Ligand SMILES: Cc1cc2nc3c(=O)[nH]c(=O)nc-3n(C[C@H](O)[C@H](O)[C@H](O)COP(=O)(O)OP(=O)(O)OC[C@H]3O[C@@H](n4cnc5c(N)ncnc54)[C@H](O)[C@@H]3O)c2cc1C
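Presented below, as structure tokens, is a lone chain in the form predicted alone.
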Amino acid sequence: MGSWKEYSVVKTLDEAVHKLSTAIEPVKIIAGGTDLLLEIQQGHQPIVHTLIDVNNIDEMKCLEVRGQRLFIGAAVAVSKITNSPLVKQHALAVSEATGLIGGPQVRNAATIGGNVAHALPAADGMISLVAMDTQAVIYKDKSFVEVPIMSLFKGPGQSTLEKTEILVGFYFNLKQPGEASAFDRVMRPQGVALPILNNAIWIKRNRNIIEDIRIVFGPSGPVPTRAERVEEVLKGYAMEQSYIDLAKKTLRETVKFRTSKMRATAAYRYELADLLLERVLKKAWERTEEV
């Protein structure tokens, strides 16, 4: 017996909205389906009556420069993002993060929209997009609306998207001189899908000064959050070991990691966070051009 009764393939956003409004519930949007279908089959999601496939909507498959921003459609496969010269040039952290999602077969099917909409607080692609200060594009009421990516998350596995709202894609600014990004993570040896801890950093350099910085750890709470107190310690100061050590101290005082029976204790995550923060920060710094 299948886990759904109706599977609809749509070709336009308006057709998708119409299907969402009229289909027999429960109804879900599917793009890659690498998380959704597995969770339905394993009983972690209620059985769905209707699946609406959005992979043939042109707007959701674009990956291109638009003005001073890069647009990545929600239905773009993560393997395409990983290998894209545009993404490598302007958001290397996103390329690195998507390149670590699952194995090659999963990356060929999984989409960046699914990685975000699934709203797991340690999802690699999502964490890297938060570090890039990404704007999400939502189709609602026949219009395109841009919202900060962090406004999409309500809790673990829960997004703020309403029933007839469709996540179309993501915008972030093109890389400028002195800017760079990096991503890294630590996994369990058994290869559990989500990491023990991951870290994405975007940085802007002015000579030997960290002019601006965004730091994100996953998971560090029920929804993605930036380590803003840690950013404040580093912003405006020299890239020196004393400030990195102070940032580590601030991380332990202000970022809340929890113990997970499946992955790691909070204490172990703090040890990893120290290592990741220094490693990813230095990697991002080395990628900048001195200006």
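The numbering used is simple: start at 1 and walk along the sequence shown. Since this is a predicted model, take the numbers as computed values, not measurements.
The discussion below concerns the form predicted in complex with the ligand, not included here.
With the partner removed from view, the residue among 186, 161, 174, 86 that has a non-hydrogen atom within 4.5 Å of the ligand in the predicted bound form turns out to be 161. The single contact residue among 131, 167, 72, 91, judged by any heavy atom lying within 4.5 Å of the ligand in the predicted bound form, is 167. In the predicted bound form, the ligand sits beyond 4.5 Å of every heavy atom of residue 150. Residue contact with the ligand in the predicted bound form: residue 140 places no heavy atom within 4.5 Å of it. Contact between residue 221 and the ligand in the predicted bound form is not found at the 4.5 Å heavy atom cutoff. In the predicted bound form, at least one heavy atom of residue 30 sits within 4.5 Å of a heavy atom of the ligand. For the ligand in the predicted bound form, the listed stretch (142-150, 174-182, 205-213, 99-107) containing residues with heavy atoms inside 4.5 Å is 99-107.
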